[in-house]
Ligand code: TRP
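Below, in structure tokens: the form predicted on its own, a single chain.
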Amino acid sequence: MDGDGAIDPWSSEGDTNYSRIVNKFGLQKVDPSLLPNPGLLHRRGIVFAHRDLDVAVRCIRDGSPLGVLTGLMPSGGMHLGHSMVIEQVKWFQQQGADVTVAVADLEALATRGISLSDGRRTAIEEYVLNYAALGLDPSNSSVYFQSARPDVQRLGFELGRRTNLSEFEAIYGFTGNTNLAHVQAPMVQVGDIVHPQLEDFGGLRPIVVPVGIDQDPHLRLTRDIVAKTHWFNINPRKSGGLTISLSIQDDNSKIFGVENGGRINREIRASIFQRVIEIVSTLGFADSIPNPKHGILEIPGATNSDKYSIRLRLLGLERELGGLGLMTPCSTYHRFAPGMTGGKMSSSKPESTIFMNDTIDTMSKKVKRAVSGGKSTVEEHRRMGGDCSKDVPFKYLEFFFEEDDTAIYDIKREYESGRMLAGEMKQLCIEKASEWLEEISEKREMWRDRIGEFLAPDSN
């Protein structure tokens, strides 16, 4: 991240100022007490921010359809940092969401020069196999490849009409030297994020995308573009309530009764308003104030919490009338676990992280060399205690290896009091990581011949 708060989703360098990003980009903070069965990452504040998570939680509580989408870049090996996203995806799946996994093989080709065949092999052998070992359920999971799903590319091109190079420069920092394949990659990602709402892939429903904060540019771009496609806008009413207004566009002007010269066909406009009023009334709002001439319907009794149910029904109407009818995606954001040697984890720096296929011996050596929060001498450590905020082995226990919240609290207290030494913290991390890696290894072998269960029909 550079000094002005911009985020580069393709860089593995630099630290992230989470508070600044939350404020700069208008994220909301996650309140674990509002979540059903909050997971480890929620309880410990690791999943710390969101956009419209309340929409997803509402679906979970109501038992209504909810999709979760994640993507993988088929380059390098899968490490602990990647497992954080799968833990979140798995949590949503356990709450009833269906799962779509996008293999970004086109993006890997565009931004990293990885061939489609190499990308496919890496995706299946290195990532999907580990996803299975981590507990993803194939019964409602679908893994597909960008290159094999034309609907993703079609949507990317279609929605590309709603943005321009200036917006790309502002979001991604692209310049005149950026190659065009790199410029195209974000639009393919927009197609990835949006397409599970198409009828062939699950239909209209909220889609939540759990990511590290470095991927927020893709979510901001997608949300901005999708909002521009909406035929009906919903905004707060000045005197209380909500206002629905028609969004007149080139592809819906005739449908909304706008004739050549701008004259309004009252009959057509009245029929549209009748449909909208019927939707509003079935949701329990009997009092509405229509103004067909100006394309506005006021709902005095509605509140901000009603926006989701109204939006969902209006998107259905939009589809009936010939529009795209797409919901803006929800998203959650997690903190980065620190790299072993400081900074961020990176597949290109094997010493910075634990890989899913590391041997116990390799992992142990990395942990022993990891950045410690202990003091320089035993005497000083006993007197002053360790610093858990800087201690990587403790962070790995907190993020990955110790499920018990009480145990984490006790470990932190012992370390900060000086009763537990840095070497003992590292040994505890090695023991817990060994159990974790051994279990993952066993489950990988169990799933090795069954990976086809996760692949979508267009990806077999």
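Start at 1 with the first residue shown and count on from there. None of these values were measured; they are calculated from a predicted model.
Beyond what is shown, the protein has a form predicted in complex with the ligand; the following relates to that form.
Residue in contact with the ligand in the predicted complex (any heavy atom within 4.5 Å), chosen from V209, L129, L221, L326: V209. This chain lacks the partner; the member of S331, Q197, Q88, Q189 within 4.5 angstroms of the ligand in the predicted complex by a non-hydrogen atom is Q189.
The ligand in the predicted complex is not approached by I114, whose heavy atoms all lie more than 4.5 angstroms from it. Of the heavy atoms in G160, none are within 4.5 Å of the ligand in the predicted complex. Contact check for L69: a heavy atom falls within 4.5 Å of the ligand in the predicted complex. When the ligand is considered in the predicted complex, T353 lies well away from it, no heavy atom lying within 4.5 Å.
Just one listed stretch, out of 302 to 310, 166 to 174, 72 to 80, 267 to 275, contacts the ligand in the predicted complex at the 4.5 Å heavy atom level, and that stretch is 72 to 80. The putative spot formed by E125, A456 and S459 is not touched by the ligand in the predicted complex; no residue has a non-hydrogen atom within 4.5 angstroms of it. Scanning 135 to 149 for heavy atoms within 4.5 Å of the ligand in the predicted complex gives just one residue, Q146.
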